[in-house]
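Next up is one chain by itself, shown in structure tokens, the form predicted alone.
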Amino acid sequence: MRYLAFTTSAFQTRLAYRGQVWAQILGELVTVFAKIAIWVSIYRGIVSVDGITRADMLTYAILGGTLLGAWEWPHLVNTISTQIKTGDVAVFLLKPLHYPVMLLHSEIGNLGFKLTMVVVPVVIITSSVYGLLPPASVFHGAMFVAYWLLSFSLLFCLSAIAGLLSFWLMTAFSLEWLLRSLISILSGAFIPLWFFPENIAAIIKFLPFAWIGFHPTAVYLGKMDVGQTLLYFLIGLGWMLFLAGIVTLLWRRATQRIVVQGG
């Protein structure tokens, strides 16, 4: 229960700056409409490309630009880096808290705010203009939610790893840009892996980044059968456990490093 306070605090803090809400809604709308405009142009006069229809790609663009982009992960990387530079991170060693778990609950609060105040309005507006396909089935809809939660967990772990490496590099700027580039290219959030060269896509689809954007939307659209959906979900869980282990190891090493510096 003590971690729940961080979730509530993060949500209320974001809610206090109401002017930013309108700015974020406008920014998200511009971004999503820009992505949709690109795919509308590409599909002009074309029924489908490799079995992917125009309606599929518009739904892909809406989901990729809203639900799958709801979490502002660079904020977490910069928060950890700043707390390391100022020494504020040492305060958490004096409290009965696990720093990465505290960060997770804070980001859940930020995510809850973004979903309710920004993502939902943007989805309603864009869907009313271009239309949003329903899930391929009840099973695919339920698994999309599970994949979305897995996507958030993987992105949190990747961001926490980048932030915690600041203990050794003393800055997260380069790490943030590296992670941003990897996510932009390898997640398939903008360009689906269907349109990648087959030999390259065969590798990328097994990297953890693919669970951030491509796999959740592919499940929603029914591009995976039941067996593939469950198999890839288990693989994604394996990646999450592996990355969570790295976060735990880095924090353990970091606490030892703080003690050495303090001595």
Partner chain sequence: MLKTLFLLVKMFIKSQMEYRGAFIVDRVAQFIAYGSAYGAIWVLLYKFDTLGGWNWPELALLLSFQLLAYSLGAAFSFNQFKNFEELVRLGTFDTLLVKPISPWAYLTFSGLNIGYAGHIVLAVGLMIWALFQVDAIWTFSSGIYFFTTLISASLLVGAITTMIGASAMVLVRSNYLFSIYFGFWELTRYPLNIYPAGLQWIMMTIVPLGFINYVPVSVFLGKDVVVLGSAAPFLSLIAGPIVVALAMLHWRFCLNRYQSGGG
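As the structure is a prediction and not an experimental result, all values here were calculated from the model. Positions refer to the first chain, counted from 1.
The discussion below concerns the form predicted together with the partner chain, not included here.
Colleague: Please name which of the stretches 187-195, 108-116, 142-150, 73-81 has residues with heavy atoms lying within 4.5 Å of the partner chain in the predicted bound form.
Modeller: That would be stretch 187-195.
Colleague: According to a 4.5 angstroms non-hydrogen atom cut-off, is residue 27 in contact with the partner chain in the predicted bound form?
Modeller: Because a heavy atom of residue 27 falls inside 4.5 Å of the partner chain in the predicted bound form, the answer is yes.
Colleague: Within 4.5 Å, heavy atoms only: does residue 241 come near the partner chain in the predicted bound form?
Modeller: Looking in the predicted bound form, residue contacts with the partner chain do not include residue 241, since no heavy atom lies within 4.5 Å.
Colleague: Answer for residue 228 alone: is it within 4.5 Å of the partner chain in the predicted bound form, judged on heavy atom distances?
Modeller: Output for residue 228 is no: heavy atoms all beyond 4.5 Å of the partner chain.
Colleague: I'd like to check something about residue 31: if you look in the predicted bound form, is any of its heavy atoms closer than or equal to 4.5 Å to a heavy atom of the partner chain?
Modeller: Yes - in the predicted bound form, heavy atoms of residue 31 and the partner chain come within 4.5 Å of each other.
Colleague: Taking 4.5 Å between heavy atoms as the contact cutoff, choose which of 181, 86, 128, 137 touches the partner chain in the predicted bound form.
Modeller: Going through each option in turn, the one that passes is 181.
Colleague: Which pick from 47, 42, 202, 234 sits with a heavy atom within 4.5 Å of the partner chain in the predicted bound form?
Modeller: Spelling it out, the residue with a heavy atom inside the cut-off is 42.
Colleague: Do any residues of 162-180 have a non-hydrogen atom within 4.5 angstroms of the partner chain in the predicted bound form? If so, which ones, in sequence order?
Modeller: Residues within 4.5 Å: 171, 173, 174, 177, 178.
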